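The chain that follows stands alone, in the form predicted on its own, written as structure tokens.
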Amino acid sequence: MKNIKIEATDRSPELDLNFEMNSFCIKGESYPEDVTEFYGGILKSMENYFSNLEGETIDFCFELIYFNSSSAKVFMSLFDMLEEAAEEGNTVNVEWVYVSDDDNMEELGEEFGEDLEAANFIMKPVE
């Protein structure tokens, strides 16, 4: 599967999806005008990727500053896919990186993490 790298814009995050290395990162702010257009192809690629995994270790990093509710729905879909991949025997490491004094992003990370049981979820505060 071809890797996907999209640079950040004022309204959309940087995406670095390295399927060869099983390493993924979403970084920045996420409130694209058309969430379906921005994330639709990404979610399809991720679905295809997860359907072919067996015994892999996956690292997924969320390093977000801000996101809107439409983006949150996309992230919940990603978390569901990550959890399912972990339930199927893959090792899934999810890292939630947030600025240490950003209580809102910390709280949102905790809420996302509560839904994961099979995947490893790590809260990582940074300065």
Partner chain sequence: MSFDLFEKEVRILERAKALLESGAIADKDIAKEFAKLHKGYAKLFKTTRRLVKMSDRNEEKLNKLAHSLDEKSTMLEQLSVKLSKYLSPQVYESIFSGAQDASLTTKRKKLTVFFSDIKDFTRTTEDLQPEDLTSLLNMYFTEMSFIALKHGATIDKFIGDAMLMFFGDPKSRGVEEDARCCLRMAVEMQRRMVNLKKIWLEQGYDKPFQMRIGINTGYCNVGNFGSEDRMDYTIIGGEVNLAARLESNCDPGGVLMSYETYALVKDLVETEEREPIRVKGIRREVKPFSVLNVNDGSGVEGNVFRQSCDGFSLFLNQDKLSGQDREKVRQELIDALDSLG
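Remember, it's a predicted structure, so these values are computed and weren't measured experimentally. Numbering follows the first chain given and starts at 1.
Below: the form predicted in complex with its partner chain, not depicted.
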Would you check, heavy atoms only and a 4.5 Å threshold, whether Lys44 touches its partner chain in the predicted complex?
no
Within 4.5 Å, heavy atoms only: does Glu29 come near its partner chain in the predicted complex?
no
Consider Ala86 of the chain shown here, and say whether it contacts its partner chain in the predicted complex, taking contact as heavy atoms within 4.5 Å.
no
Partner contact for Glu95 in the predicted complex: its partner chain, 4.5 angstroms, heavy atom
no
Since the partner isn't included here, can you check whether its partner chain sits close to all of Ala72, Asp102 and Glu114 in the predicted complex (heavy atom within 4.5 Å for each)?
yes
Since exactly one of Thr36, Asn68, Asn52, Thr57 fits, which has a heavy atom within 4.5 Å of its partner chain in the predicted complex?
Asn68
